[in-house]
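Given as structure tokens, the chain that follows is alone and in the form predicted alone.
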Amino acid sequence: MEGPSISSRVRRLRPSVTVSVAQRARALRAAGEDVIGFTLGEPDFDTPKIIKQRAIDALLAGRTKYEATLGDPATREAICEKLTRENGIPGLTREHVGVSAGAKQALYVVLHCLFDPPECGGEPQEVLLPTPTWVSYEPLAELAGARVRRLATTREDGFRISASRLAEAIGERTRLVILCTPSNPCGTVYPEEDLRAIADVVAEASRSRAPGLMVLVDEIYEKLVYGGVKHFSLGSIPEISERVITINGLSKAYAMTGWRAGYCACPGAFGLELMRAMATLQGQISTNVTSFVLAAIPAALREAGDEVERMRRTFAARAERMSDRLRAIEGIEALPTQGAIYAFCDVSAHFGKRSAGGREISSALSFSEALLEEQKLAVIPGEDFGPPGERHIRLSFACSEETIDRGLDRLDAFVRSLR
């Protein structure tokens, strides 16, 4: 008789390389090593005081009970107002909005509402995923029962999928396209003209070969854009707005990673159907987000704009500093960061070399491992971001300029030591 076992679908689930590298760096620090971390995409600022105060007030006032699963009406209304005013998404009401425990839970719930697992019968429906991209999209889509097809982009294309390439890829089984702009890990942003061309493709495909086609756009870094770059929401284009699911949250722009405050929205009749389905599923998972966190969300969206802009300007200066420093390091190729909090660097010029410690450098992973061991600098190897991530490392600049300089001094020293 067999003993207890873990389900095969969870055993197949890949752990986050970002979290594992960060944990290894923390372990080295705990052992007394002077480790510099360019790993986690977690702002190093404190949550703005006005946001914290609203949560404190709610807690002291006794807002500690169950709430509506997708958020109370006032919070959903505040999000609806934000998406209508700032993002230009038409046709939204608060009933088209759902609040989740972070954008990641919103993504999980949406995917499970869109896809059936293989045991439900029929051929798996398809997700088109331009890569390199955030590590969680693919495993979460597969967990929901989708078949993921990667569409590799290039540095020459700004790591953005072209409308023509997307048109070629969409087939009868395509159910969802996932886009992330500004991009984690690439730090690039889809300009308005590119998104309008993609909207034309989606509109045409939905009228013919892919009538059930939807697009999920992750805009978690929307407020962190630099160098005059503007964020544009795909969901604002009327011709496809009811086919666009916008996912966002307060973690990055508002320095609220630990609060777990995320949301999603989709206008139209299907948007209402999706929210009802999400309420059913999320109600079985976590019921509501923390009750007094709900009180902080309207304050963040309506009253913390000046603080967000202050943080954005600081990140902009860091992005410029990191780009300038990286250009001076031999064999490191990186596009200037337009958004998010990352530099994405091609290090393949150093493959085939050996480190000073005798380690063979044959991949982004081996480059990152040797860098951590020999220079105590933690970066994220790009393999799990999808092709051509295997030639790249991701550096987060969610740290001070002094730390950026110290870390890049170590990267430069490591590169110079390779033979």
Ligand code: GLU
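All residue numbers are counted from 1 along the displayed sequence. Note that the structure is predicted; figures quoted are calculated from it, not measured.
The next section is about a form of this same protein that is not shown, the form predicted together with the named molecule.
Chemist: With the partner left out of view, is G41 within 4.5 angstroms of the named molecule in the model of the complex by any non-hydrogen atom?
Modeler: Close contact exists here: in the model of the complex, G41 approaches the named molecule to within 4.5 Å, heavy atoms only.
Chemist: Report whether the minimum heavy atom distance between Y342 and the named molecule in the model of the complex is within 4.5 Å.
Modeler: Judged by the heavy-atom cut-off of 4.5 Å, Y342 is in contact with the named molecule in the model of the complex.
Chemist: Is R165 close to the named molecule in the model of the complex, meaning a heavy atom pair under 4.5 Å apart or at it?
Modeler: Contact check for R165: no, nothing within 4.5 Å of the named molecule in the model of the complex.
Chemist: Is there a non-hydrogen atom of S233 within 4.5 angstroms of a non-hydrogen atom of the named molecule in the model of the complex?
Modeler: No, no contact at 4.5 Å.
Chemist: If the cut-off is 4.5 angstroms on heavy atoms, which of these, Y108, F315, F115, W134, is the one near the named molecule in the model of the complex?
Modeler: Filtering the options by heavy-atom distance leaves W134.
Chemist: Let me know the one among F159, Y221, Y226, Y190 whose heavy atoms come within 4.5 Å of the named molecule in the model of the complex, would you?
Modeler: When the named molecule is considered in the model of the complex, the option within 4.5 Å is Y221.
Chemist: Quick one: find which of 360-368, 347-355, 57-65, 32-40 has residues within 4.5 Å of the named molecule in the model of the complex by heavy atom distance.
Modeler: In the other structure, the partner sits against 32-40.
Chemist: Would you confirm whether the three residues N184, K252 and R394 all fall within 4.5 Å of the named molecule in the model of the complex, going by non-hydrogen atoms?
Modeler: Judged in the model of the complex, N184, K252 and R394 all sit within 4.5 Å of the named molecule.
Chemist: Within 4.5 Å of the named molecule in the model of the complex, which residues of 91-107 have a heavy atom? Give them in sequence order, or say none.
Modeler: Read in sequence order, the lone residue that approaches the named molecule (within 4.5 Å, in the model of the complex) is K104.
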